[in-house]
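In structure tokens, the next block holds one chain alone, the form predicted alone.
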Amino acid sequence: MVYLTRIEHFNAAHKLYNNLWSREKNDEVFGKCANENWHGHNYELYVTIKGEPDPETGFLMDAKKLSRLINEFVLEKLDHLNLNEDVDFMKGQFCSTENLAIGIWNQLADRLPSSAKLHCIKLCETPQIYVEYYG
């Protein structure tokens, strides 16, 4: 089994806010992340696929094709946008990094060639905080 990881970057804004709670409770739980004027991150995205290399090319998947898939179905929908308001696959979701990683997985999992399977989405919100999702 071979694992191939493509690293991409995007910038996006969001707000952590539970509409069922008071402003005070949101501030207590989410702090500055509940700012009504939003806040942003410079995200780093690791997309790891797994499988066996093609005997004719030696590739698990052409890395350029993987990059195009990530760009078309993830980055174009996220980069420089508001996760709470602008991203179709995040509508009705709480815009935590955990839920965003799951959303990215769902955008990519069924679009890979049959020879490759999605192994992991690693999404870094800051240099100190990241989540990993394995489906």
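Just so it is clear, the structure is predicted and the values come from calculations on it, not from any experiment. Note that residue numbering begins at 1 and tracks the sequence as displayed.
This next part talks about the form predicted together with another copy of the chain, which is not shown.
- By the 4.5 Å heavy atom rule, the three marked residues 18, 30 and 102 all count as contacting another copy of the chain in the model of the complex.
- At the 4.5 Å threshold, heavy atoms of residue 111 stay clear of another copy of the chain in the model of the complex, well away from it.
- For the chain shown alone, residue 89 is not a contact residue for another copy of the chain in the model of the complex, no non-hydrogen atom being within 4.5 angstroms.
- Under a 4.5 angstroms non-hydrogen atom cutoff, another copy of the chain in the model of the complex has residue 41 among its neighbouring residues.
- Within 4.5 Å of some heavy atom of another copy of the chain in the model of the complex lies at least one heavy atom of residue 11.
- Along 116-135, these residues reach a heavy atom to within 4.5 Å of another copy of the chain in the model of the complex: 125, 126, 127, 128, 129, 130, 131, 132, 133, 134.
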